[in-house]
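Next up is one chain by itself, shown in structure tokens, the form predicted alone.
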């Protein structure tokens, strides 16, 4: 998503220029890699996907902050346990008790986390030129883009692929709605929930199933996958 006003362009530039020189250079490499990313016509078998999940200070995607990020790569139809990313972002103040009870990241862990700029740059480096996948992606995408824009001054970043839209297309006729319901539907081993890396792992497992079944639905490239997801969204079939 590109900045819409000249003022936003200037603000983004000021934010980037205020970053340490080493961080600015890392961001330049990340942005070059994004521009040089593989074509959407790349076969699924050759593509690297990143299943990503966020834990935040609350459910308001326009204002709540990222507490933790979990991400796992999926390549060659395999969840890559050796290709993963996890971090807790340092907070100026810890989230409310009710929020802590959900994600189990205590106040001390939040106050002692990784510097948010370093965490976000490292996450962008991990993502690289891959396609990002999330469950109920609108929330994660909105929060992630906002934080990257406000802290790093980077506006353009790819739209996430929403697994919550793809799964009903690949497995029609079910009443599954939540991540837990889809995990149970396929008999996947239970994992700790409401932890970013655990939810990313569940998402990666479900993505692997979608990719394995994709040829049957005529989905052979990253473009096909994106188009199938968009079609479901336009038809209002995401639950």
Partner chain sequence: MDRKDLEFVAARVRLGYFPVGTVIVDPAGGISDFLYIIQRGHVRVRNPNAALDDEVRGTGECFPVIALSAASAGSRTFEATEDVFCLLLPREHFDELRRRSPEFAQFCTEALATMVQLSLGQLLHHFSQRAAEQQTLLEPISALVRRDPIYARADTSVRDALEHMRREGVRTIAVVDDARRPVGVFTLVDLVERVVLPGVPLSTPVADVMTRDPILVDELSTAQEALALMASRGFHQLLVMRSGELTGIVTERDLFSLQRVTMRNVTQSIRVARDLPGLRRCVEDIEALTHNLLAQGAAAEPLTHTITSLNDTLTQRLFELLLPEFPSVGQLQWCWLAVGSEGRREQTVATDQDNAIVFRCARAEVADARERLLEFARAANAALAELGFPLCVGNIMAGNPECCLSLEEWRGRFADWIREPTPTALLGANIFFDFRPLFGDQLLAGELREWLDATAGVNKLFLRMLVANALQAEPPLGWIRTFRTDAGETIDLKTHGTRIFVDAARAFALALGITETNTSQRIRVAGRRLNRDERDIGASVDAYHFLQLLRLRAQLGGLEAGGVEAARDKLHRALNRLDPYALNELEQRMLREAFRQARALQMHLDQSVGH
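Numbering follows the first chain given and starts at 1. This structure is a prediction, so every number in the text was calculated from the model and none was measured.
Not pictured, yet referred to below: the form predicted together with the partner chain.
Which residue among 188, 44, 170, 198 has a heavy atom within 4.5 angstroms of the partner chain in the predicted bound form? That would be 188.
Contact at 23, 25 and 114 by the partner chain in the predicted bound form, all three, heavy atom at most 4.5 Å: Answer is no for this spot.
Taking heavy atoms only, is residue 36 within 4.5 angstroms of the partner chain in the predicted bound form? Contact check for residue 36: no, nothing within 4.5 Å of the partner chain in the predicted bound form.
Give a yes or no for residue 79: in the predicted bound form, does one of its heavy atoms lie within 4.5 Å of a heavy atom belonging to the partner chain? Although the partner chain is absent here, residue 79 would touch it in the predicted bound form, with heavy atoms inside 4.5 Å.
Give a yes or no for residue 205: in the predicted bound form, does one of its heavy atoms lie within 4.5 Å of a heavy atom belonging to the partner chain? Residue 205: contacts the partner chain in the predicted bound form.
Does at least one non-hydrogen atom of residue 216 fall within 4.5 angstroms of the partner chain in the predicted bound form? Because a heavy atom of residue 216 falls inside 4.5 Å of the partner chain in the predicted bound form, the answer is yes.
Heavy atoms, 4.5 Å, the partner chain in the predicted bound form: which of 172-180, 36-44, 57-65, 206-214 makes the cut? Say which one. Comparing against the partner chain in the predicted bound form, the contact stretch is 206-214.
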